[in-house]
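A lone chain, given as structure tokens: the form predicted on its own.
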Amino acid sequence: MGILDLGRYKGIVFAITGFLVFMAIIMAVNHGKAGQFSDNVAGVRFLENRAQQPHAVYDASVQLAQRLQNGEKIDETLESLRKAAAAFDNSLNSLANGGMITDSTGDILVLPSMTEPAAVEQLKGASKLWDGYKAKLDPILRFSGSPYVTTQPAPAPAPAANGKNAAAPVAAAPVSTVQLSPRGRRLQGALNDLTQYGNTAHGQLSTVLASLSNQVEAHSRKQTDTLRYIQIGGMVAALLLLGAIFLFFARNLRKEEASSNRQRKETQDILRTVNEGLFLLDKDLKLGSERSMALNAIFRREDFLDLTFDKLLKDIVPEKTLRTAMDYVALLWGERVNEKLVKTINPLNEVEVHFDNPAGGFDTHFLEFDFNRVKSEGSLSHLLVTVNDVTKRVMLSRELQESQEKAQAQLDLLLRILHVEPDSLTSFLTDADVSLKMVNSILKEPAREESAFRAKIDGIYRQVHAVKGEAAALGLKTVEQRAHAFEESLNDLKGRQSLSGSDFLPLVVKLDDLFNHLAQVREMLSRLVDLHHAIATKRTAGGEVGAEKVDQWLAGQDQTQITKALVAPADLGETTGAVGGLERTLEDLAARVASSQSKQVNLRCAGLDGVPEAYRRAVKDITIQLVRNAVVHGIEEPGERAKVNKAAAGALAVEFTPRGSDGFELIVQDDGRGLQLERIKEVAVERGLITPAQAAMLDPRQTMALIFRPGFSTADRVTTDAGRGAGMDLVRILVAELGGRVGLASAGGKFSKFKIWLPATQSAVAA
């Protein structure tokens, strides 16, 4: 904007400028007149002083005549006369020359009053009078030398006869006769003429100078009156001009105020009506004074004065979210930042906030923040922040997502059930039901001591982990996820310093959820069996199965996927009937875990169809845990295996062999990296299972035994496949409960081998 582009302030700027110029003119005139006053005062003093000079000339001439008559020296008196005459002559010439005089400091002053006609006439008369005076003075002022004739003084008296100073009368001074030389007599005559002329002239000259002094003083008074009138007129004009300016701008200000009030009212109406929270942020991240009324309801507060953005969010969002938000807002203030690009990474697009409620808890809401940069004169001045409470939208979106996920989970569960052998699924449901009932019994057991509570946690952990492992092996993701969430709650209880009976109440809810979900799986399986029989009956009779039969129990599902899946079991049985249920379960488990770990594995099973009924569930739980551990911890990724000249796919073998009266032998072996003994010691020390001193004293056999400790795991993070440290503990407990024993062999970088001896069936039952 140009310097003269004043907008609506142009009028006031021009008016004030004119007023200041007028006052400057008045002050300049006043200053000039004040200077003239000073000159006039100096002129009056000058004239008063010069009015005495004619008397000085006359007195000097009289004194000179007296000294000449007395025969005294006349040099000094003559010089005084010359100076007095020269000074007066110079003064009179200066006054006649336009009134220019020289003051005592040497400055030349001009007296305009000396140019007036009356003064000019008086100066002319004085000049004529002075010219006659100077004619009389001229022969006297030009005189030089001595005016006297030399005379002989009288002889001095003779001394006393005895040569001593005898008393004698004082001798009189010698008397000489004054004799003027011819030049002296001419000088005396000139002095007599001068004295007679000056007797009247000097008074007239003094009168003229006194009259001129009065004229200067009168002229000065006239100028004073003129200046007074100018000042009064200037003040009156200034007041009138100031009043005009005031009236003009008072009228304009009323118009501006009316317009501003109208605009402010419109703005307030908008801010009061909009449902969004609106406010401005300055560079110090301070909220502006203008904001929408909806902001009070959104943030549940009334006081926003001097509030900064971080304080606005501090008590309602987590510290991490607050730091991220402040970093993002700081990023928006960058002049070179692409605003559209930055908006795509807005961390406050849908932020969860918590407000305290009167009941003592808190209410959860979701707020959506939108930031727009405001520029003024080409530079960034503010951020316009728009806040919306999107809680309803988020909740509806989540409900819809949960509904979709639930429907998809049911469909996935259905499709998975269709591919699971009925015997394996039925066995799982039976075992899971037993495990969950055991969990229910453990929860009901009374406990008061801390050790009893810890024992309850360990017992529940083993049962839930077994259910989770078999569900993962069968690919029942929904069951596995619920069991994993149950473990999360148990892990939270483990981390507490002290426990009470009320701490176990949330587990009852999760247990009920697991029971209900398994009941849904059982009901779905029952319907699939009925549907399978109906399809088989229709096919045997040569008929077709109508789609409406399927819709009766699977309304709303994808008929194409279900129809394809329904055909699969019939075809699947022809190709995989020789494979036992446990073998198929382990193969699926190994393939799924290997895929999630970006690995490849070939599983070979032998003798699993010969597992006695008494060992069926134990062997199933044990092999599931060992196969999962082998894939997660033992088998390397293809790239790592290639570096040590191994095949890309790891080899994993599960063998169950009867040993007659010696019982049974279960072997699980892989060709992976083996047990890393130093890593096992390091993790055991980190988790507080042993001390560093104890770790240094362990031999390889004792080190390998650490993996069976409760809570031990070398996994970097907790997943559904590893990280809890419960799998090997479950294996140890199951083997111990059957009266068996576990052997472990490993070679670093080559293999790991678990050998489990189980007693004969009768011995196991007795155990």
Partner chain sequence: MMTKVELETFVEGTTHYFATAANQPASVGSPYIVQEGKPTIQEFTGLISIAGKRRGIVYFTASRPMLTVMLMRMGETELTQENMCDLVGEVANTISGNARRDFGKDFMISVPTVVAGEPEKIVTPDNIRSFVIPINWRSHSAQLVVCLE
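Positions refer to the first chain, counted from 1. Nothing here was measured: the structure is a model prediction, and the numbers come from that model.
This protein has a second form, the form predicted together with its partner chain, left out of what is shown; the following refers to that one.
Colleague: With its partner chain left out of view, choose which of 440, 206, 268, 596 has a non-hydrogen atom within 4.5 angstroms of it in the predicted bound form.
Modeller: The residue in contact is 440.
Colleague: Scan 662, 512, 339, 327 and let me know which has any heavy atom within 4.5 Å of its partner chain in the predicted bound form.
Modeller: Contact check passes for 512.
Colleague: Taking 4.5 angstroms as the heavy atom distance cut-off, pick the stretch from 362-370, 233-241, 80-88, 183-191 that is near its partner chain in the predicted bound form.
Modeller: Checking each option against the 4.5 Å cut-off leaves 362-370.
Colleague: Is there a non-hydrogen atom of residue 692 within 4.5 angstroms of a non-hydrogen atom of its partner chain in the predicted bound form?
Modeller: Residue 692 lies outside the contact set for its partner chain.
Colleague: State yes or no: in the predicted bound form, is some non-hydrogen atom of residue 584 no more than 4.5 angstroms from a non-hydrogen atom of its partner chain?
Modeller: No.
Colleague: Do residue 299 and its partner chain come within 4.5 Å of each other in the predicted bound form, heavy atoms counted?
Modeller: Looking in the predicted bound form, residue contacts with its partner chain do not include residue 299, since no heavy atom lies within 4.5 Å.
Colleague: Would residue 354 count as touching its partner chain in the predicted bound form under a 4.5 Å heavy atom rule?
Modeller: Yes, contact at 4.5 Å.
Colleague: Judged by heavy atom distances of 4.5 Å or less, which residues of 471-508 approach its partner chain in the predicted bound form?
Modeller: The stretch touches the partner through 500, 501, 502, 504, 505, 506, 508.
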